[in-house]
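One chain follows as C-alpha cells, the form predicted alone.
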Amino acid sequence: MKNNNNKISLCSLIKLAFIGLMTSTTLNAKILDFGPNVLTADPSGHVWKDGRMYVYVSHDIECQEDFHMKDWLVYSSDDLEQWTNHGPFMSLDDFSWADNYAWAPDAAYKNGKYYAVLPVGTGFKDRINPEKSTKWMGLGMAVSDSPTGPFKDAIGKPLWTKPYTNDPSLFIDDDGQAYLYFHAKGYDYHVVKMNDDLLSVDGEFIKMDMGGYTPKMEGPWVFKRGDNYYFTMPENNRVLTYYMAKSPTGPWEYKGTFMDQEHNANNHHSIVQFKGQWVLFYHRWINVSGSSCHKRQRVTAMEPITFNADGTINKVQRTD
C-alpha cells in the first residue's frame, strides 16, 4: 500500500481558537481538516512508543449515501500543530468477506505489532422499509509492523458474526490484558476479553453493571487515568457522557455529560494523554462551502480536556 508522507501545515488548513491552559503547554482547539476536500470522522487517538500522536479516522466521501465509506486514514504529529499525512492505512479491498461500511476504527500496540480493529459490513439498510434491510456489520482484526501500515487482515473473517457489531474500543490494561468494548445489537454495555495475540476473544461477552443507567449508546471509548477507569460514549448518539470505575469491567458509576450535542447530529470521540496534556478528539458537523450534496459534513476536531482532583471530567465547550 502506498503511503503519502506529505507534510501539512495546519495553519493554512484549520480554524484556530484559544481555549486555555493545560498541564504543560497551551493546546489550541482546532478543526483538523487534514487537507482540501478531506472529510474525516470517528477519530481514535493514540501515542505509541515513538512519542508521536497518531489519529486513525474514518473517511467520509462527499455525496456518499448512508455512510457507504471505503477506507481509513491515519495522521501523526509530534506537536499537534504540524501533521504528517500517511494516507489510507487500509481499505475495504483488503477484506475478502466485506464490501461496505468502513466505519469507526480503533488501534492498539502489543507484542511488537500494531493492531487495528475495524468495523466493516455487507448488504444495504432500507430506511423506508426496515424489514427489507440486509445490512450486516462485524469486526475485522488487522496487523502491521508499522503504526501507519500497511495493515493486513489477520484472520480472514470477523471476530464473530453474531451479534451485529460496530464501534469498537480496544483497551489494554497495565497488566497487558486487552478488553474489547463495542456497540452491538442487543449487546450494548458488554465487554469481552481478548487473547494475548489480539486475534481472538477469550471467553463470553461480559454484561457490565452500569449502575442502573443504560441509555441508547454508540461509540464507546475506554481509558485509564491514575486509579480510575473511564467508560465514555455518545449517549443517544449525540451527547458525550461518562462513567467511572476501579476495574475495566465495572461496576460503573454514571457521572454525566462532558460535551453537549451539536446540530442534533452524531458524535464519536477518543481521549488520550499527550506530553502531559489530555486531549479530546471528536468530530463535528460544519457548513462546507461548495458541497452539492449536504449542507453539513463531518470533520475531525480536538479540544483540551481537564479533570478535577477527584477524577471527574470538566465540561468541554466547543469553540467557534
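This structure is a prediction, so every number in the text was calculated from the model and none was measured. Rigid core (definition): largest C-alpha set, two forms, superposition within 1.5 Å. Start at 1 and count along the sequence shown; that's the residue number.
Heads up, the form predicted together with ligand FUB isn't pictured, but that's what we're talking about next.
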Is Asp94 near ligand FUB? Define near as a heavy atom within 4.5 Å, in the predicted complex.
no
Whether Asp106 contacts ligand FUB in the predicted complex should be assessed with a 4.5 Å heavy atom distance threshold; does it?
no
Can Met259 be called a contact residue for ligand FUB in the predicted complex at 4.5 Å between heavy atoms?
no
Is it the case that Val272, even though its partner is missing from this view, gets within 4.5 Å of ligand FUB in the predicted complex, heavy atoms only?
no
Pick the stretch from 44 to 52, 274 to 282, 63 to 71, 247 to 255 whose residues have a heavy atom within 4.5 Å of ligand FUB in the predicted complex.
63 to 71
Interface residue in the predicted complex among Asp153, Asp197, Asp99, Glu218, criterion: non-hydrogen atom within 4.5 angstroms of ligand FUB:
Glu218
Would you mind checking 137 to 174 for residues with a heavy atom within 4.5 Å of ligand FUB in the predicted complex?
Asp167
Given a core-based superposition, decide whether the C-alpha of Thr257 shifts by 2 Å or more between this form and the one not shown.
no
